[in-house]
Structures are given as structure tokens and as C-alpha cells.
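Presented as C-alpha cells, the chain that follows is alone, the form predicted on its own.
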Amino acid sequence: MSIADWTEADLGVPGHVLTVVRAPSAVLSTPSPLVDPASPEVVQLAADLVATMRVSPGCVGLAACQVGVAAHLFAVDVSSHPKTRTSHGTFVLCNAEVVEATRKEKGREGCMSVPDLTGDVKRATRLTVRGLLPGSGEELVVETDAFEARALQHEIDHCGGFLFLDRVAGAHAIFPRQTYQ
């Protein structure tokens, strides 16, 4: 199966919208343990992450720690973001790791767990990630670039206990979030 063939319907359970935790919650700064992707709890959490991401305006990714659960999985969907070049649609990965990362560029990031700030973060623009699908446990390799690569690195950082604020060059690279009425 390719990542583009996967849908949240493959999980077989409905997702529930969960509350997003905010910094400085300890779960956000603690590395999340690896998970069993076939576990019913992980499958339910995967569905919940997708449901929560879908009702959150502008959200392109959500890690388990952001809903208060220390577990190494996240959901991503950059398909409707204007900066997207490559998109694999909606997907959830367990125990994901970066296999290859090249061509670093600075870009602005925000986070639902740090709602009032954005920051300039240097990240790879070409990326290969390996992870497991929730439910089947099938190993997938995702090759992507540009904005989707940035989103994947951001979510993998969450699983490692890092916020984008940990990756900025300094206070000069942190900004108040713009709000548009």
C-alpha cells in the first residue's frame, strides 16, 4: 500500500475531537514512547487525531502529545494549505523517523499548542520518512518536499519532545501570531 491509498476509514473506528494541550504542558516536552500500531488504543487515538485536526482551522498536523497522550504517532494533511507543493493527503504514522533530509531552508511555523506565537525554523525541504500505519502496522516510506516536509519534521519533533520554539535561532526569530478579522 502507498500512503496515498490510505484513508482514515481504514482505521475502522470513528474519531472523537479531543482538547489540544498548550505549552508548557509537560507532555509536550517529554519524548513520547514508541507504540504498537495494531493496538486498539493506538488505532482509536489515530482516528481521534484526524477528527481533531479536521475541526481545527488551519491545522496541517497534530501529534498525540498535543492531545495529552504520550505516544509516538501523528496525523498530517497539508492538502488544503496554500504553500503545499507535494501532498499525500491525510495520513497517520506511528513511530516515524527521518531517514534522509536535505536542502535546509528557513520558514515560518506555528503550532496549535503555542497558539500566540510563530517562529522562523530551518528545516529540510526534501525529506524521506519511515513509519508504520496504525491498524495494519505496515511499514511505509514517504518521500516529500517543501511544506509537507516541514509539517512532517514539525510533528516528528513533537514526538521527540520538541516544540518549534526549541528550533528557532533565537528570540529575534519569534513573532506574535497574526490574526485576521
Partner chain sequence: MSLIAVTVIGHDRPGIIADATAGLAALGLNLEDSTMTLLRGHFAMMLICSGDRSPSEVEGALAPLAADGRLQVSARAVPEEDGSGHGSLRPYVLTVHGGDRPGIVSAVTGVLAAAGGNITDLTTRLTGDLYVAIAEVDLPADADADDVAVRLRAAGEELGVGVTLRPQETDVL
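Positions refer to the first chain, counted from 1. As the structure is a computational prediction, the values presented were derived from the model and not from experiment.
Another form, the form predicted in complex with the partner chain, is not on view; read the next lines as being about it.
Comment: 111 to 119 is the region of 48 to 56, 66 to 74, 129 to 137, 111 to 119 lying near the partner chain in the predicted complex, near meaning a non-hydrogen atom within 4.5 Å.
Interface membership of residue 172, defined by any non-hydrogen atom within 4.5 Å of the partner chain in the predicted complex, is confirmed. Contact check for residue 39: no non-hydrogen atom falls within 4.5 Å of the partner chain in the predicted complex.
Not displayed here, the partner chain is kept clear of residue 85 by more than 4.5 Å at the level of heavy atoms in the predicted complex. At a distance threshold of 4.5 angstroms between non-hydrogen atoms, residue 104 is in contact with the partner chain in the predicted complex. Heavy atoms closer than or equal to 4.5 Å to the partner chain in the predicted complex belong, across 158 to 172, to the residues 162, 163, 165, 166, 167, 168, 169, 170, 171, 172, ordered by sequence position.
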